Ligand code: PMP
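Next comes just one chain, in structure tokens: the form predicted alone.
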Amino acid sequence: MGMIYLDNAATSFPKPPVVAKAVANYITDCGANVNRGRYKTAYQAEESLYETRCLIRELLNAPDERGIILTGGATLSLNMLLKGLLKEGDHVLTSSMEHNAVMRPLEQLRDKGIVTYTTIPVSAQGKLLLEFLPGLLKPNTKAIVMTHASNVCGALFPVQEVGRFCREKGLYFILDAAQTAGLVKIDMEKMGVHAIAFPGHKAMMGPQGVGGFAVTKDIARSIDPLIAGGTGSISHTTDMPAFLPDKFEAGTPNLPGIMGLLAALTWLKMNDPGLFNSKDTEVAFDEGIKTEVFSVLGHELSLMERFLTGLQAAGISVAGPMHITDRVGVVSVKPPFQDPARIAGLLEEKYGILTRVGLHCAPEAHKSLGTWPEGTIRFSFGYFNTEEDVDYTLTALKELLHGNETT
């Protein structure tokens, strides 16, 4: 076989062909900035930008397309949300499964003496232990920030229950949807989420360098802009605009990336309309996953179930939950008595299988799962993977881990 790409948790590949075409068309046929020029191509770019916001609003059931802020990605978005919202003396709750896109901004703020934070424990399988939440609250707790699904083991978190807790306690709820936006049904209103950070280059199928966050008006009023500069609006003043989305969108946006994201979202809506919260594609929201409704997720879960079954049959242990309704298509394997980096290297060298190995920018998650400090080999499936990819990968792993490979 040729190359088998199993690193979709890092970035989806391949992209739908319309994505590259849209990026190229913008660069060759348009090239205009938005909110600046008063000519046809500038208006065309602005129309596409607005359409992108509308599709993301539908995808997340965000309250208003003006609250869809486009940035360079989920990491920048989380920095803007956390550093813009949190003030001196605030306390935050987060989980012990977070990516460094959450942990490092919190560490920076704590090191400067601005905030404190407490981690919510998880089980050895990565399940959030909700019973600990009430006891972790402090009088100065302002927000809960957590992942929707682990980038290490794929475990899904009970965001609806956490959102309900936040409503009861008057807390802001910030969700890192790096592994779920464009894959799992998301409804900001029903989940009780105030802000969602998302990447464009993972399940949304867009290019790298574009993403954003969605905010309610309530939390937007409390967030100071991390970046200030030109917006093309109220240029007579040196103050940042107070209205959305301009309040958080200083400078020239990544328009080639946004055009690619628009094409990707259009493709995604056509192929998986149930993900979108619009009148013509309305699907009843359920915290549980229904594979017969969500075709992209259903495909990934089908591949993952096949992979997990094969791993179990071969006696290969997996980090995280084993039931497919408790996870997304991310599977971490820790080879017994062998160096994960060596096995991952052999998977590429001998079999053409591309994975990610190590700590996956989430050291706290590995400590929680018992895979610290060596880390794991991560296999993450995407829309364009096949059952043949899964079977071939299982064969390769069995040969490598049971010592039958040729050296």
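Keep in mind that this is a model prediction, so the values were computed, not measured. Residue numbers here begin at 1 and follow the sequence given.
The form predicted together with the ligand exists for this protein as well; it is not shown, and the discussion that follows is about that form.
Inset, instruction - Give a yes or no for Ala9: in the model of the complex, does one of its heavy atoms lie within 4.5 Å of a heavy atom belonging to the ligand? - result: Residue-level check for Ala9: yes, a contact with the ligand.
Inset, instruction - Find out whether any non-hydrogen atom of Asn151 is located within 4.5 angstroms of the ligand in the model of the complex, and reply yes or no. - result: Yes, Asn151 is a contact residue.
Inset, instruction - Consider His194 of the chain shown here, and say whether it contacts the ligand in the model of the complex, taking contact as heavy atoms within 4.5 Å. - result: It does not: once the ligand is placed as it appears in the model of the complex, His194 has no heavy atom within 4.5 Å of it.
Legend entry - Contact label in the model of the complex: Gly126 to the ligand, heavy atom within 4.5 Å: Output for Gly126 is no: heavy atoms all beyond 4.5 Å of the ligand.
Legend entry - Candidate stretches 175 to 183, 132 to 140, 224 to 232, 116 to 124 - the one whose heavy atoms come within 4.5 Å of the ligand in the model of the complex: Of the options, only 175 to 183 has residues within 4.5 Å of the partner.
Legend entry - the ligand: the contacting residue among Leu156, Ala101, Leu171, Met188 in the model of the complex [heavy atom, 4.5 Å]: Here the answer is residue option Ala101.
Inset, instruction - Tell me, out of Thr75, Asn277, Thr94, Thr216, which residue has a non-hydrogen atom within 4.5 angstroms of the ligand in the model of the complex. - result: Of the listed residues, the single hit is Thr75.
Inset, instruction - Give, in sequence order, every residue of 196 to 213 that has a heavy atom within 4.5 Å of the ligand in the model of the complex, or say none if there are no such residues. - result: Going through 196 to 213 in order - heavy atoms within 4.5 Å of the ligand in the model of the complex - the hits are Pro199, His201, Lys202.
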